[in-house]
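Shown below, as structure tokens, is a lone chain in the form predicted alone; questions about how it binds or moves come after it.
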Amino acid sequence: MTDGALLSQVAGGVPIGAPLAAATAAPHVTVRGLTKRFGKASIYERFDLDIPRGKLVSVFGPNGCGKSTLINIIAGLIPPDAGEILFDGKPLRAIKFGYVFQNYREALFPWLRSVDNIEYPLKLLKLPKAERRARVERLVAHLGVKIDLNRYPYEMSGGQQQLISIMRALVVEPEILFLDEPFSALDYEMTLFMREQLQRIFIETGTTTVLVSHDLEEAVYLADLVLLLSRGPAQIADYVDFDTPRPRNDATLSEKGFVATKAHCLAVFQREVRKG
């Protein structure tokens, strides 16, 4: 990962999508008229989206529909061709956000101890060393993290490395947290562990969170809202509410509300796949 990518992760980004009709409060993120093309392929055309404050939004849709492109534009990693993206009416450069990459092995600096990886965005912000360390210690205490942060990433399991990545994203005290398929490279046991860690972090912090997932069960289980995208140029196929109380657990997977919501999302997904 480059310093530029990490600095953009600290300083700002760029969002995408369609208005949430059910929202009663002002949205945290407003996207209007987003347009993005790669060569002749039109990924988004005049795309609108509202992301509510303090909610976990899962993004799900057919392969190649632009799920990761969406949050990469939101996070400023990919420039849009047109459109306006505002955070409480402000541009991305005026806010702080965190970004967790899919490939944890490439996202962390192997020559830095885990604690120094977590501190790194604060170093880019030119905070004094004592303040950087104090922030990390507060985060560790708040989340109840028990792993040895003096170890190097390559001395840790995949799940521990991804937890370090998430902590690095959180240490800047972001207004919004973006996660791009953060568990896809983990084995099933570690994926289950990390889902629970993410849910716990969300409950503890209440940070507006946008999660790209390729797993429908995961997308629904973790979400307050599931954003279902169509094939390109992507539009919102549905924006599904899932308000089951947290913390959620294994029993949630067999509850009537979860089963019905997952079935509805699957039906929308299959409809969009057939269109292709």
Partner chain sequence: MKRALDPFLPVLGVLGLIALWYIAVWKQIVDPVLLPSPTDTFHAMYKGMAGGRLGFDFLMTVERTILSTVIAAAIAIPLGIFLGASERLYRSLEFVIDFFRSTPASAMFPLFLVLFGVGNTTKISVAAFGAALVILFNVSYGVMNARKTRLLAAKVMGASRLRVLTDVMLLESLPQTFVGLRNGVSLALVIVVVAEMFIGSTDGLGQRVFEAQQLFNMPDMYAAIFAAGALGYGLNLMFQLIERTFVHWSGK
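Since the structure is predicted, the reported quantities are computational estimates derived from the model, not experimental observations. Positions refer to the first chain, counted from 1.
One more form of this protein exists, namely the form predicted together with its partner chain; it is left out here, but the text below deals with it.
J.: Which one of these stretches, 199 to 207, 82 to 90, 98 to 106, 141 to 149, sits within 4.5 Å of its partner chain in the predicted bound form when only heavy atoms are counted?
T.: Within 4.5 Å of the partner lies stretch 98 to 106.
J.: Using heavy atoms and a 4.5 Å cut-off, decide whether 32, 66 and 234 all contact its partner chain in the predicted bound form.
T.: Heavy-atom distance to its partner chain in the predicted bound form: none of the three under 4.5 Å.
J.: Answer yes if any heavy atom of residue 154 is within 4.5 Å of a heavy atom of its partner chain in the predicted bound form; otherwise answer no.
T.: Residue 154: yes, in contact with its partner chain in the predicted bound form.
J.: Answer for residue 170 alone: is it within 4.5 Å of its partner chain in the predicted bound form, judged on heavy atom distances?
T.: It does not: once its partner chain is placed as it appears in the predicted bound form, residue 170 has no heavy atom within 4.5 Å of it.
J.: Residue 188 versus its partner chain, in the predicted bound form: is there a non-hydrogen atom within 4.5 Å?
T.: It does not: once its partner chain is placed as it appears in the predicted bound form, residue 188 has no heavy atom within 4.5 Å of it.
J.: Contact with its partner chain in the predicted bound form for residue 159, defined as at least one heavy atom pair within 4.5 Å: yes or no?
T.: Residue 159 lies outside the contact set for its partner chain.
J.: Among the candidate residues 75, 136, 194, 177, which is the single one with a non-hydrogen atom no more than 4.5 Å from its partner chain in the predicted bound form?
T.: Here the answer is residue option 75.
J.: Determine the residues of 106 to 139 with a heavy atom within 4.5 Å of its partner chain in the predicted bound form and present them in sequence order; the list may be empty.
T.: Sequence-ordered list: 106, 107, 108, 109, 110, 111, 120, 121, 123, 124.
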